[in-house]
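Coming up is one lone chain in structure tokens, specifically the form predicted alone.
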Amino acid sequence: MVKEEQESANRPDNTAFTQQRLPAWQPILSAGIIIPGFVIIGLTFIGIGVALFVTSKSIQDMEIDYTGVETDSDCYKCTNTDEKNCVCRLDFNIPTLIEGPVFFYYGLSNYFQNYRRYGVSKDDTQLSGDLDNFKTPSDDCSPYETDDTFVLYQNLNGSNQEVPFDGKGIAWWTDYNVKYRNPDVTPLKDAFEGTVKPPFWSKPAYELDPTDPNNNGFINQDFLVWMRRAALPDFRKLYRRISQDDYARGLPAGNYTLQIGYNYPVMSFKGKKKVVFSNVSWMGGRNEFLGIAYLVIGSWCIVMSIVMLIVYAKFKFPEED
């Protein structure tokens, strides 16, 4: 009797939901539905792929290597790791207008930011502004190097006109407002008293931009962009936008000189360095893979619909009376 009462107490309510009596619809996937469905999906994907591929091709993208491997390059002298605060110049020509706004990236090859050992070599508590971890950071911390600096000049009538850079808002909003914070100490330099900068940094964190407290220390835009790890070993990171004054329409055709503060040695791991001038479209930056992927998948859908149509026409069974 007790067992029956326990079973009755544990029994679900006699409702359509608990007893699984809700009405349901189960489609019958016949050839008349599947084959047209594959055709519609294939044509849709092909249309999207063509639009993405054509748009990607219209994006202007200019890459310039400045690793300094060639002995006749001015940056060759900076590949010597004993050379400190090395500055080199790179002359190049832009044949046609790069329509604005122009985005200026620096790129690295054969650099694995996605390695776990690299990813954990920082102290998140320190980078969030906790003073307790400034002099006693996590054991996982290792010194890491800083990126290069750039100044761009346009050669006009025998003189160099500096191209203005806009470095605001190049980092992720969450990195700037949530993930990284400066310690609540004024001046910021006092928070770093008794500490030393990593060996390959050209300046300590509190001098990244001393003229602007909202762009200094751990919330410096360049620092935040670098700390956002790349997924692949060949990547580019946004350095500046070119969208001001005489260059609001873009970079006009002509001769240019790029002055590079070469702070980042890469020859030891067979890396490559480059700068990239590019604009964007409604789909973002240049990415031909996305359009090709849509074209391939759409084409396969069309091919499979044709195969299924042939199979259905050859092997279909007569309908029963």
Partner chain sequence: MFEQFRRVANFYFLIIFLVQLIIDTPTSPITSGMPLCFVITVTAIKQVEVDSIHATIECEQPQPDLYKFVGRINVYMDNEPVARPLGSENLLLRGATLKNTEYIYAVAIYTGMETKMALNYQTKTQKRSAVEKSMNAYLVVYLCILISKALINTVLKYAWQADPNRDEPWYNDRTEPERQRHIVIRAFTDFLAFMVLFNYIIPVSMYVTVEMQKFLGSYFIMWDDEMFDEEMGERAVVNTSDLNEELGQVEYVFTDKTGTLTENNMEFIECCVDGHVYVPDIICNGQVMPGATSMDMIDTSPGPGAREHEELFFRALCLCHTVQVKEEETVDGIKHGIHQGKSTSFYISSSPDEVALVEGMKRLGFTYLRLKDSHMEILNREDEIERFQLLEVLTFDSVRRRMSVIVRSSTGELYLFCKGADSAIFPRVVSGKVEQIKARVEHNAVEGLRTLCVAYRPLSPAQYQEVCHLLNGAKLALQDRDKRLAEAYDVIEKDLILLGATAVEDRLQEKAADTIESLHKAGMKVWVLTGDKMETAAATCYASKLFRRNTQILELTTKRTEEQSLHDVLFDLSRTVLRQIGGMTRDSFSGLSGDCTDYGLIIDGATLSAVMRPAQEDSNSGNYKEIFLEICRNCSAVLCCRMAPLQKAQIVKLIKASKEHPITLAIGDGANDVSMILEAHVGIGIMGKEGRQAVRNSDYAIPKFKHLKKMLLVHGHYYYIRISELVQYFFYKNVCFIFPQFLYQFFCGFSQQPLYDTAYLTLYNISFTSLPILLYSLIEQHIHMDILRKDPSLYRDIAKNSLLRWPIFIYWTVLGVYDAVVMFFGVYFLFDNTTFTSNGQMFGNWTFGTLVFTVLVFTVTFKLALDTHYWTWINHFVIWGSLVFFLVFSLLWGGIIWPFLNYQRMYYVFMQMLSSGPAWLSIILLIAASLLPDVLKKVQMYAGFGYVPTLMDNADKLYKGQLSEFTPMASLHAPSKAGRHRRGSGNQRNAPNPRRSAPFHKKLMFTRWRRTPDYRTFAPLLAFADGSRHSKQGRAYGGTGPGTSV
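Positions refer to the first chain, counted from 1. Please read all numbers here as calculations on a predicted model, not as lab measurements.
Here the subject shifts to the form predicted together with its partner chain, a form of this protein not shown in this document.
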property	result
Heavy atom within 4.5 Å of its partner chain in the predicted complex - the one residue of Arg89, Lys77, Lys189, Arg228 that qualifies	Arg228
Single option in Thr174, Asn85, Asn214, Asn93 placed near its partner chain in the predicted complex, where near means a heavy atom within 4.5 Å	Thr174
Proximity of Arg249 to its partner chain in the predicted complex, heavy atoms at 4.5 Å	no
Interface membership of Ile170, its partner chain in the predicted complex, 4.5 Å heavy atom rule	yes
Heavy atom of Gly100 within 4.5 Å of its partner chain in the predicted complex	no
Partner proximity in the predicted complex: Tyr264 to its partner chain, non-hydrogen atom cutoff 4.5 Å	yes
In the predicted complex, segment of 203-211, 105-113, 151-159, 69-77 with a heavy atom within 4.5 Å of its partner chain	105-113
Interface residues of 263-277 toward its partner chain, as seen in the predicted complex [heavy atoms, 4.5 Å]	Tyr264, Pro265, Ser268, Phe269, Lys270, Lys274
